[in-house]
Every structure is written in structure tokens, then in C-alpha cells.
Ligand code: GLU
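Shown next as C-alpha cells: one chain only, the form predicted alone.
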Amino acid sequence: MNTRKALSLMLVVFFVVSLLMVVGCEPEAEPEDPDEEVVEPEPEDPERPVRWTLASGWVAGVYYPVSGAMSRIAYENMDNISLTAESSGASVANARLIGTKDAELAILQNDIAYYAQNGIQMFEGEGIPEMRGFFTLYPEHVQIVASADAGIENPGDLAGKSVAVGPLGSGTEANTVQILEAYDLTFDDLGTVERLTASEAADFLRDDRIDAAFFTTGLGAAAIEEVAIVKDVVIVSIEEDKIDWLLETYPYYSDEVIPAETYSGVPEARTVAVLAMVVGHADLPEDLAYEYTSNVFENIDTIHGAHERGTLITLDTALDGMPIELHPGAEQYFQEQGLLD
């Protein structure tokens, strides 16, 4: 054997020995101790409250303080439900949150609830048949607030003006379309269309960036009062024949008067209104839906103290204008109260 072959053989032997040493040094896996206690993950606490979200509306409106009062009722009186009130994009957006289950409960207009459950109007082809009613709240007046010097005496005078019509897809926008329709107008007839929240519309009015704005909200809304105390504004009245047309065409409207001085220095006006209501998803457990409904009405003073409009929410009127099928849990409560057969 020559020197080169001997050297190669020695290198191979050295590599094999080194490999065996490394393998031999690896620690053996310790055998499982049959007596060792196995720590299982903690099961969910059945006593922990179920978390629900209540989609409300603009912070400057009425939905938000009312929903906040319901959240407080849950915190103080309900062991099984933790309710969080969240500001949102109002009626149409809230209906869609129920459809996607991103909210368990929502406040919206009764006309929008009917459209959503039946898949008509703005919900055509994307209805929410699993939406269920819980109870109605109070009238929501369509309030057309205009600068006193804008020369707007009725909605027909909005042609060519700069107008806030509500956020895209909101109940306010739907009401705006319908009232303009009564005057044979569309958005194309307006000078400028601004899709603003209530607080944004109030800012634009105050700064003279728009001539008028539509608000569908309860009387006494903070957003409107904030404008009225610093600027001369009026609420534009809808004429009687146009109100008659609206009531016939859209039966969820009611004929309403906005009393003088509802807002600082603002005269009386005549308009139409829909009803605010609470809806939820059909999948909500019946016992929890019952608990929520019963606690709201058994602690109604909390809601009455949250906003002036809250005083209009009563057990006696809880089913007025209910346009859709009730959730079984709410239905059980109202049956016990003698409001249903």
C-alpha cells in the first residue's frame, strides 16, 4: 500500500469514529413518568358573561347615549351578558353588521329593518332574513336644518343648494332620497351633495360650508342644538300634500310636528318620522335575549336619565311600529307582560 492510499484510509476511519462518538453523545429521551400529573388547559368558565356588541350611531345623536344606558344596565344587572355599546354608521350599516354577525344587537330605523329582512330597497339581492326585532324605542324625526339666510322655505328649494344628505348607506340618506322624491328631485338636482355624519354636518352648517343638512334623529339631538346656539337656522317644513304622499307611499312614516324652541331660537316645523328600534340576530340564545329584554324594561329609569328622548321608551309602546318578526326571547317577555296573545 502506497503512502497516499494509507493516508486516505486513515481519514475515512477517523471520520467514522468521530460520527459514532457524536451520535453516542446525544442524550436519550427520558421515559414518561406514568405518575406525573398532566396539566390540561383550563376549560372556558361557564359563569363568564357572554360578550355582546350593540351597534348604535353617531356620538352626537340619540342612539349612542341610549345604547350606553343599556350597556350600563347590563353591567349592573346582568350576570350572563357583557354589553358593549359602539358608535357606528347608523341604520343601514347597523343592519349589515347584524347580517355579518359583527354585532349581536343594533339600533336602527323601523323602515330600514323592514327593508333589510325582506331584501328590498337598498338591500335588494342582499337581504338579512335572520334579523329579528326586540322592541321599538321612540320616533325619529327627519329634520332638515338650513341656514336662515339660505332662502329655503320647503324641500323643493333645495335644488341647486349645497346639502348634507347623511352618510352613504345610512337611514338618513334613504329618508333624504324619499323626501326629495316627493318634490320630484334627485341628488342630481342639488348643487353639491355632501355625505356627512351628524357631527360633520353640524360643523359644515356652522362654518357656512353647506346650506342645509338632513338629520334623522330624535328631537333634541346635540348636533343640531350645537349649531342653533351659535347660528340662525330653521327647520324646513314639509308641505301637507307632500306629507300625505309620503305617508301613502312609505307607510312607516308618521306625520309629526317639531315644537318651537326644541332647539334654541328655532321655530316650529312640520315633518315626518320613523321609529327607532332594537334588532338582533336570530341565532342569539333565547334565554339571553329574554334576560336582555326584561332587564331593559325593568331598569327603564336608567334609559330615561340618559337622554330626553329616552323618556319616550316605555313598555306600553315597545311593540308600536314593529315591522319584523320578534326574537323568541323578546316575544316570551312581552307575552308574560300581556302585550302579546
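Just count from 1 along the sequence shown to find any residue number. Quick caveat: nothing in here was measured; it's all calculated off a predicted structure.
Same protein, other form: the form predicted in complex with this ligand, not shown, and the subject of what follows.
- Residue-level contacts in the predicted bound form: of V62, A289, V279, L54, one residue has a heavy atom within 4.5 Å of this ligand, and it is V62.
- For this ligand in the predicted bound form, the listed stretch (223-231, 182-190, 114-122, 85-93) containing residues with heavy atoms inside 4.5 Å is 85-93.
- In the predicted bound form, Q143 stays away from this ligand, with no heavy atom inside 4.5 Å.
- At least one heavy atom of T217 is located within 4.5 Å of this ligand in the predicted bound form.
- Residue contact check for T176: none of its heavy atoms lie within 4.5 Å of this ligand in the predicted bound form.
- When contacts are judged by a 4.5 Å heavy atom cut-off, T271 does not count as touching this ligand in the predicted bound form.
- Contacts between 144-182 and this ligand, taken as any heavy atom within 4.5 Å in the predicted bound form, involve S170, G171, T172.
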